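One chain comes next, on its own, written out as structure tokens in the form predicted alone.
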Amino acid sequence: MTYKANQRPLDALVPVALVLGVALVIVGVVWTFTLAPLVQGAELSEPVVIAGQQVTTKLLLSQKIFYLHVPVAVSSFAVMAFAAFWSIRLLMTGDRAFDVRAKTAMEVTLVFVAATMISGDLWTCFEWGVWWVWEPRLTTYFILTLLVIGYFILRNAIEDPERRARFSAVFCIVAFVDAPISFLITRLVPSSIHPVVFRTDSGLPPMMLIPFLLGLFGMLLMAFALTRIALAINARAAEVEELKARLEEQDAQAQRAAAQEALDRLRAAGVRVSDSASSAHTPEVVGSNPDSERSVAAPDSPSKEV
């Protein structure tokens, strides 16, 4: 009941956030493929005239992936931050409701991590001609992906709910340490071939920055809405499991009570049978019978002559 009372204000924003997020992402994608200019790439062997302009470098259409790839990756970091926060709250309070929230956030994180890896691999293939490069940003994010997957493997390996909640919380907090490392690796390792996206000068002209920001805010709103929807579903599932456990416990108690009652009846019946058997084998004390005494004494009495 406490969970429902605390979540109602945020749950009321879920439909608005979801619709607005989808709308922003759609507008950003349309802007990206219609108005955003292409990025200049490698030099061409000879100049080419495109739309009345002479082009000497290759225009990279694959750079359009950037407008969705980066917002999805940032959303995965944001949702995982909430998972780590709720894990800390679980360790501080011991409230199992925070375990449900952390698990839900990690589920949404897994979705965004998978989308990031897929879009990133497409970008890698188009930009660098290979599907994978052991580059610092890719390597750190790949480690993050393995850690998110390992979180669910750990949860499925532990049956006890209390131990599962504590161990998963600790693992989630440790795994989140890799998120800021992956986000800042392009600054920590300047030789990284990944560009630095968030800079003081933005690094993007307005026609490129606007669709990027639209996609970023839209994806964050979608992440928020998906997290709230998944949290409501998992909370109800947890309540159902708790009610099921209580019913099973009550049924087990009723069965134990019935068995104890039957055992008590059997013991009482056994005591009655034992008492009956004991009374049947006890010898009877024969009392004096006046008729018998007279019949025994009759031969000794003098006979009367007729």
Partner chain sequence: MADRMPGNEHRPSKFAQYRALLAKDLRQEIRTREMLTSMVVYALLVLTVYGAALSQVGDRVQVVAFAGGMLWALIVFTSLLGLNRSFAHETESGCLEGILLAPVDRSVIFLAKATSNLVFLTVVELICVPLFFIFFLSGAELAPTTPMIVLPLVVGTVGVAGVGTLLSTMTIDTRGRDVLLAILLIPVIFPLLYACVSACSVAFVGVEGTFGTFWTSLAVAAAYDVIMVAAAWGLYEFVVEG
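Residue numbers count along the first chain shown, from 1. This one's a predicted model, so the numbers in the text were calculated from it and none came from an experiment.
Not pictured, yet referred to below: the form predicted together with its partner chain.
Undergrad: For Arg96, is any heavy atom within 4.5 Å of its partner chain in the predicted complex, or not?
TA: No, no contact at 4.5 Å.
Undergrad: May I ask you to state whether Phe171 is within 4.5 Å of its partner chain in the predicted complex, using heavy atom distances?
TA: Phe171 belongs to the contact set for its partner chain.
Undergrad: Even though its partner chain is not shown here, does Phe167 get within 4.5 Å of it in the predicted complex, heavy atoms only?
TA: Phe167: yes, in contact with its partner chain in the predicted complex.
Undergrad: Can you tell me whether Ile158 touches its partner chain? I mean in the predicted complex, with a 4.5 angstroms heavy atom cut-off.
TA: Looking in the predicted complex, residue contacts with its partner chain include Ile158, since a heavy atom lies within 4.5 Å.
Undergrad: Ok, Ala81, Leu209, Ile153, Val133: which has a heavy atom sitting within 4.5 Å of its partner chain in the predicted complex?
TA: So the residue touching its partner chain in the predicted complex, by this definition, is Ile153.
Undergrad: Taking its partner chain in the predicted complex, which residues along 163-187 bring a heavy atom to within 4.5 Å of it?
TA: Read in sequence order, the residues that approach its partner chain (within 4.5 Å, in the predicted complex) are Arg163, Arg166, Phe167, Val170, Phe171, Ile173, Val174, Val177, Asp178, Ile181, Ser182, Ile185, Thr186.
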